[in-house]
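Consider the single chain below, provided in C-alpha cells and representing the form predicted alone.
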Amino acid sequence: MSVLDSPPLYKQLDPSGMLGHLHRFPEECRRAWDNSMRLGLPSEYASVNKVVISGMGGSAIGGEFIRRLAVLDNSVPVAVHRDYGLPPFVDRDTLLIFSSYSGNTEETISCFTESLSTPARKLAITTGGKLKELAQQEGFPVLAIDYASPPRAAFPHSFVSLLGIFNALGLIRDKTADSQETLQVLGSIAGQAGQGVPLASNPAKQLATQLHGRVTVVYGAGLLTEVAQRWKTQINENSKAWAFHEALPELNHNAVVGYQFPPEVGAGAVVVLLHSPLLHQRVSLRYHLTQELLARQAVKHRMVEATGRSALAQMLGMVLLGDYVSLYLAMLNGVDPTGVPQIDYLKSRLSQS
C-alpha cells in the first residue's frame, strides 16, 4: 500500500487540517458566490470603466483570475496591484477593491490610505483587521469573509467573491450558469482526487508521486496561465518545495532554449503542462511541439487536461486538482502543509523596522 493511502499519515503531518479545506473547496465556492451576490453595492459602482484590485499573495491571486475572465469576456479592464502605494491612473471612474484575508497586509493598507485622496469607488474584502476598521470608518462597503483558514486556502472567497461582485455589477458576462457547472466539475474532481481514493486510481496522488524529489515547472496558456501560477505557489507553500511557472506561447520564444544546461537541472525537473480544449489551436500545437523538445532533452513531463465546458469550470477545476497535488506532495516530503515559517519570519522582521 502506498504511504499516501495511509490515514495515519494525514493525522500526523496535517494537524491543522489543510486537507479538510480542500474537501470543503466546492462548498466554499458556493458560499462565496451567495455571499457576494447578497452584498448590495451602490448603483454608481456599476458605472466604472476600470477596476484595480489591491492585494498580495493568496489574496491577490483571485484578482488575477478575475482579470483573466474579464479579458476572455472582452469586458472592463482589470489591473492587479501587488505593491505599496496607488497606481497613477486611478480616478473617479475606477473601482478600487482591497483584498486582504487578514486585513493587515501592509502593502494593501498603504494602497488604501493613499486612495482616500481620490474619488474612486472603494470596496474591501477581508476577515477583519485594520482594513475592515478603516473601511468602516470611511463608510466604504465591506464584504466580510467568514471562513477561518490560511489565506491560500480561502481562495474560493478571494476569487469567487470577486466573481459575484463583478456579476452583480454587470462588469462581466453573467456567470450564473457557469457557476452551477463549476460546482459539478469541482464535485467530480473531489471525488477522483480525494484522500480516500487510492493511488492506483487517484490522478492527484499519481502526479504528486511523479513530482516527489524533483523541481516542478508548470506551464499554462490563456485561461490556464494564472492556474499555472496557483500550482506553483501551492507547491511552494504547501509542499515546501521549489516550483516555477511559465506561460505559453511566450516560453516558446525563450525558455525552450534553456533546457540544455546545466544538465543536472533538467534531469531533476518535471514539467507539468496544463492544457485546455478552449485554447487557440495554434497554442495547442505548441504544447505538443514543446513536449517533443522536452523529450529530446530527456526532461520528464506530463500533460494534464482541464475538464468542463466553461472557462470558469476549467480554471477552478484545475485549481482544485493542483491543490490536492500539492497536499499529497507535502505528505511525501514529510512536512506540515499549513505552516509557512519563512513568511512568518519576514513579517516579523518587517514589523521590527
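Start at 1 and count along the sequence shown; that's the residue number. In this text the structure is predicted, and so the values were computed from the model without any measurement.
Below, we refer to the form predicted in complex with a small molecule, which is not included among the displayed structures.
Asker: For the three residues 59, 105 and 343, which mark the spot I'm curious about, does each lie within 4.5 Å of the small molecule in the predicted complex through at least one heavy atom?
Answerer: Every residue of the spot touches the small molecule in the predicted complex.
Asker: Which one of 159, 231, 101, 219 is close to the small molecule in the predicted complex, taking close to mean a heavy atom within 4.5 Å?
Answerer: Looking at the other structure, the residue within range turns out to be 101.
Asker: Quick one: from 128, 203, 150, 266, grab the residue that has a heavy atom within 4.5 Å of the small molecule in the predicted complex.
Answerer: Exactly one listed residue reaches within 4.5 Å, namely 150.
Asker: How about residue 226 - does it come within 4.5 Å of the small molecule in the predicted complex, if we only consider non-hydrogen atoms?
Answerer: Answer no; every heavy atom of residue 226 is more than 4.5 Å from the small molecule in the predicted complex.
Asker: Where, among 151 to 159, 247 to 255, 133 to 141, 208 to 216, do residues come within 4.5 Å of the small molecule in the predicted complex by heavy atom distance?
Answerer: Going by heavy atoms within 4.5 Å, the stretch is 151 to 159.
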